[in-house]
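Only one chain is shown below, in structure tokens, and it's the form predicted alone.
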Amino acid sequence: MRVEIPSHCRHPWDVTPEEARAIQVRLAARVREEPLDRAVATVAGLDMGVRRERGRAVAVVLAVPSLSLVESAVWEGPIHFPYVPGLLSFREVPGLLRALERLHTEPDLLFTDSQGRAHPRRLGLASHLGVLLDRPTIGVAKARLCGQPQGELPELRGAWVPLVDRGQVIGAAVRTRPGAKPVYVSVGHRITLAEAVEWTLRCTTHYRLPEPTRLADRLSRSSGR
């Protein structure tokens, strides 16, 4: 896959937490919530496992609608940015970009196990990655980072309620399995929230997490590192 970052979005990765937050604020202004402009035939799931400051970044590509595996790619190497809440992308995106570079397929839609707009500075990992690549991206997180669900979430699969922070809709709490804990879906880049919820449900089978990130997570935790 071609990984080309426009000059106006490039930035250093070896920065202080204060500098990283300033970069997030700058790039957040470039996030676009807009309808998908392409048919989706393939989706990619991205995740990284970290052990002793070494990362294993994984990209898996699935065909739509079968969700069958097309290919996967792995990058392993050192992690230089420390763990700081709210700055996950500075720790993981460099490795995820390297994993994406190893793909032969150009996926139409990216899923990440992270926040997108549902972030205090509106630039979680999914949005950061989406802006750098200028590709449709969805964040599907297992836990909330900020915001409050609006209203009672029914137990039925497919139910969802808006996630609101400081008066702004930043995502959705989505029930992907009856009775299971919700996942938190938000726009990464170049997709609407309604489409992000729809595609999350379309890519979820028998498990709580959508297949792209579930498979990426499983591979990132494998013993091959």
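Residue positions are given as counts along the sequence shown, with the first one as 1. Everything quoted here is computed from the prediction, not taken from an experiment.
The same protein has a further form, the form predicted together with the DNA, not shown here; the description that follows concerns it.
A heavy atom within 4.5 Å of the DNA in the predicted bound form is found for exactly one of Leu133, Ala141, Leu100, Leu109: Ala141. When contacts are defined as a non-hydrogen atom within 4.5 Å, all of Val50, Gly86 and Glu92 contact the DNA in the predicted bound form. For the chain shown alone, Leu145 is a contact residue for the DNA in the predicted bound form, at least one non-hydrogen atom being within 4.5 angstroms.
When the DNA is considered in the predicted bound form, Thr137 lies well away from it, no heavy atom lying within 4.5 Å.
Heavy atoms of His8 never reach within 4.5 Å of the DNA in the predicted bound form, leaving it off the interface.
In the predicted bound form, none of the heavy atoms of Leu96 sits within 4.5 Å of a heavy atom of the DNA. Between 100-108, 115-123, 149-157, 69-77, the stretch whose residues reach within 4.5 angstroms of the DNA in the predicted bound form through a non-hydrogen atom is 115-123.
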